[in-house]
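This document starts with one chain, in the form predicted on its own, laid out as structure tokens.
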């Protein structure tokens, strides 16, 4: 096992807060494998790069010889984490949740060593918890404590609906930590209240409280909002290598170093060197191309990364020869005429009509290699086939 200083250097990379670092050092000094926890709610089947940030941190702990426990929230997912949500989330059936687990796990194993991983479902203990046990558990909390949760407080003060089931969510996540006797819990900064709840419940149960380690929220392709499938600003682990490579190349220069630190294994000294080079006038495109290759290689393999790079260079190199035929879209609309907004949303180039309008007005859409700046234009089925390019990375041909 590595020395204390070596372990701290590795596990503090990309971590913005530790509660508390003193507790962390105390645990690491015991020179024994610690139990590291991450809970996931499989509310969707696919993983995007935002989800990989805490998963990468788990892998670092695995490589350091610690015990990693991935808790599948088959019970908590039926509520859905309310953190940052302005309204109650739609409740999923347990059957749908378990269906999502299969695809989610397959993608997670691209990052984690399956042979050094304990996978536990929190239904294992919540199935057995009686109503009397539930009352005993929730009696440890007051309403005032729950309203320390920013989301709960905002919704309560605004008069927005706030379900009792939602207020149970952090209690359930905290109880997970009690049941596996977690030493450390990994979570994004939006998980702070939930992780602190785990510390509280462990202390109430006569246990040593876990350490909370918080990773930043990864910005999406727009460089502003949290990476999210609903916002259309995400890079999925199941994206084709050419799409993954191209999407990374499209991120704003300002978040490139952030992506390097959180999503790659490139040494921090090299990352700082690149950062200084860009500040001194170097072209960030060269470093971004290396970033796109590293990320694609990490999640899709080296051969796929090479293909993604070649594809990008062919499509966006000096000759600008775009391989429209590589991406074929069928006219699956139930009408013979569509708007520009409907077209761009269908190919995942825009999340809303306002996004689509902005792209068109900024000159980001070409149809049959002619720039289209009229957002009110109607596209007719009789125009098929036609080629299009939307923004910097999405292109193809529409056919019957």
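Positions refer to the first chain, counted from 1. The term rigid core refers to the most C-alpha atoms you can superpose between the two forms while keeping them within 1.5 Å. From a predicted model like this one, the values you see are computed outputs, not experimental measurements.
Keep in mind the form predicted together with the RNA is missing from the figure; the text below concerns it.
Taking the partner from elsewhere, residue 32 is found to have every heavy atom lying beyond 4.5 Å of the RNA in the predicted complex. Though the partner is left out of this view, residue 13 does not reach within 4.5 Å of the RNA in the predicted complex, counting heavy atoms only. The shortest heavy atom separation between residue 246 and the RNA in the predicted complex is within 4.5 Å. Residue contact check for residue 364: one or more of its heavy atoms lie within 4.5 Å of the RNA in the predicted complex. None of 326 to 334, 153 to 161, 294 to 302, 96 to 104 except one has non-hydrogen atoms within 4.5 angstroms of the RNA in the predicted complex; the exception is 153 to 161.
Residue in contact with the RNA in the predicted complex (any heavy atom within 4.5 Å), chosen from 310, 204, 265, 253: 253. Among the residues 192, 149, 288, 199, the one placing a heavy atom within 4.5 Å of the RNA in the predicted complex is 288. Annotation for residue 122: C-alpha shift under 2 angstroms between this form and the one not shown, rigid core superposed.
Relative to the superposed core, residue 327 shifts its CA atom by 2 Å or more between this form and the one not shown. With a cut-off of 2 Å and the rigid core superposed, residue 379 has a Cα displacement that reaches or exceeds the cut-off between this form and the one not shown.
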